[in-house]
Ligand code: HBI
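Just one chain follows, in the form predicted alone, and it is written as structure tokens.
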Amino acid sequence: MKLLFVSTSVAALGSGLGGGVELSLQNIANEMLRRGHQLQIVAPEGSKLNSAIPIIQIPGTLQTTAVDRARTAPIVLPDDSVLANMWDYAHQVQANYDLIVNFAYDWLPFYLTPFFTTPIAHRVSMSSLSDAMDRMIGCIAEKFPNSVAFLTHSQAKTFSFNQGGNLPITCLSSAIDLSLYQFSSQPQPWLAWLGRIAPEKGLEDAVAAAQILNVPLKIVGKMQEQSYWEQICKDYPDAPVDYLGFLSTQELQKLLGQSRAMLMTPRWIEAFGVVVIEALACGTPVISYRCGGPAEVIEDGKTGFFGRTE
């Protein structure tokens, strides 16, 4: 097949601000190429991947993330929207492709679905955050059966249109390239935490645990909100933490493999949590709250442990 992947509109690929969408898109693209399909990626200007996959780079103003908007906030496109520009390009070239795959958690691609002659498959990467998004995703799921996929059943249950269970739900979990991760049988005496440095990721819980236990904590991820990080450092001045910034997969897997365990402390319902399977690929147990995607991936007492959210 000839496939066109349309990326997230909140950040350039490779920046780390796109979260698990970046890694998932790259992994899926690599696997589709391995299976003999033809593929191109449409992404914001400045995007790059650790592979030879061709990227059509589209200029424009980045979209604000759904996390930063109130649940009842109206849908807004900035001036010279990169989201609108990417989908304008997709509309122009759609005849060259058998399938378009949308990786963005945005209202516009769902709305545009009926106006395309080439089918669009939507991979919903977040749990319910917006009433307007809930309605639009539900509308497309009803009008175009099997065109919308979620990552986990826990994520799918957060959407209002699915409360009655009347629509068939397709779940396509995340995956990683195991060849990029190495098992380590001799962990070092520290814990790891991975994710964007933003309030919804609940980093303060992990830092508090490190301070109480007096166990070193290695923190890895893109610095999205500097003020949030500074407040954590102020609240937990004695916590033995080390912020390492955003690491490549090669650097990340080495750190994960050396860690005694990885902490996962989200304040929202994670749709999946690709960092969970990254840690497990290195043989590192994951300590997480029993909610969202991680609750469907971790085997309590075997591959990790669940804590309470209270």
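Residue indices: 1-based, along the sequence shown. Small disclaimer: the values here were computed from a predicted structure and weren't measured.
Beyond the structure shown, there is the form predicted together with the ligand, which is absent from this document and is the topic of what follows.
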Are any of the heavy atoms in T64 no more than 4.5 Å from a heavy atom of the ligand in the model of the complex?
yes
Interface membership of M126, the ligand in the model of the complex, 4.5 Å heavy atom rule
yes
Any non-hydrogen atom of S288 within 4.5 angstroms of the ligand in the model of the complex:
no
Would you check, heavy atoms only and a 4.5 Å threshold, whether K218 touches the ligand in the model of the complex?
no
Counting any non-hydrogen atom inside 4.5 Å, which residue from A141, A104, A198, V207 sits next to the ligand in the model of the complex?
A104
Between R260, K254, R69, R267, only one gets a heavy atom within 4.5 angstroms of the ligand in the model of the complex; which residue is that?
R69
For the stretch 20 to 35, I need every residue with any heavy atom inside 4.5 Å of the ligand in the model of the complex, listed N to C.
G20, V21
